[in-house]
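This document opens with one chain alone, in structure tokens, the form predicted alone.
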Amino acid sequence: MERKTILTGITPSGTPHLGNYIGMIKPAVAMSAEDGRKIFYFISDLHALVKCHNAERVERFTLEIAAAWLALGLDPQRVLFYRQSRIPEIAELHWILSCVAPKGLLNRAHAYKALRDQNTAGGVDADTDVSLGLFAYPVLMAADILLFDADYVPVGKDQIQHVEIARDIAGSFNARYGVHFRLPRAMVGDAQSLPGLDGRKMSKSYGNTIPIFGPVDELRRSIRKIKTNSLPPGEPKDWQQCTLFELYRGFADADEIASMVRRYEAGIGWGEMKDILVDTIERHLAGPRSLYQGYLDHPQHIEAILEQGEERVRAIAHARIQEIRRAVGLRSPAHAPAPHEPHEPQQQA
């Protein structure tokens, strides 16, 4: 039976936070432990350049993302773990796909539309601060996916459109040049979206994140800042609409969650709940935190691991891009097909 190919990436646009861990890293590491799958996990550092124009920050966040994945249990021998920028065939395919990607399709991309709508509402030109990179972002993502014939792409619900655009671009290419790309499917798992300090989805964009590997005292201060209602201890509390409970559920097991529901109904105090939450998170992250710091202290170890993965990936990418080059006519003249009308040399007068 052919192995299914799974591919997903994470952008180094900030220090890894608890939302990254619960929403992506934890389920991805668990998936990588299963047999029967070919898995590509990459750090999308080219994508980071769309919003981050500080070289030191891009380098630092790339290091932190790699260290976090490894510290949290990713086995680089079971997956293909690499930096997007170290696979030049991705950028080449990006251009080739750009030549068949309909502009109207990209006009509907969420990030581009959101910025245009924001500009329009602010009374400025709709394309203010819209870079070509932002506009073409979905094409680069399509290249990430299609180059490796991914069957499934794990994404959150807000990212399904990226996979749909990749499918549309693949269809456009296949219609012109023959079938060379599989049509990928979005894999929307059961992983929850963690709330941030303000109750909204934890996101660097909102500035409401809690770092995965910050000091425990910093974690405790962050948890204590989370706003709750004024119900005193002993009063039943609604666990279904509580940021503290949502965070707890991301780290507790099924029995612990069921027990905590009963404690909410019995009126657990907010201070006690915050202490329990800190202890529960720390129980899961104390060991990985030590590993994480060890990787940061020895970045050459991370570099060696990534380079090994990148060597394996480049071999796959090179073979694939040769196929695509032949399909679109980018081949050596020595291997080009004969013209339909043979050239007749002119006779000398």
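Note that residue numbering begins at 1 and tracks the sequence as displayed. None of these values were measured; they are calculated from a predicted model.
Just so it is clear, the following notes concern the form predicted in complex with a small molecule, a form of the same protein that is not shown.
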Given a 4.5 Å cut-off on heavy atoms, tell me which of 313-321, 298-306, 37-45, 285-293 is the interface stretch with the small molecule in the predicted complex. 37-45
Though only this chain appears here, would Gln159 touch the small molecule in the predicted complex if you measure heavy atom gaps against 4.5 Å? yes
Answer with yes or no whether Leu247 is in contact with the small molecule in the predicted complex, where contact means some heavy atom within 4.5 Å. no
Contact between Met202 and the small molecule in the predicted complex at 4.5 Å, heavy atoms? no
Indicate whether Tyr137 is a 4.5 Å heavy atom neighbour of the small molecule in the predicted complex. yes
Residue within 4.5 Å of the small molecule in the predicted complex by heavy atom, from Ala252, Leu194, Ile169, Val153, is Val153
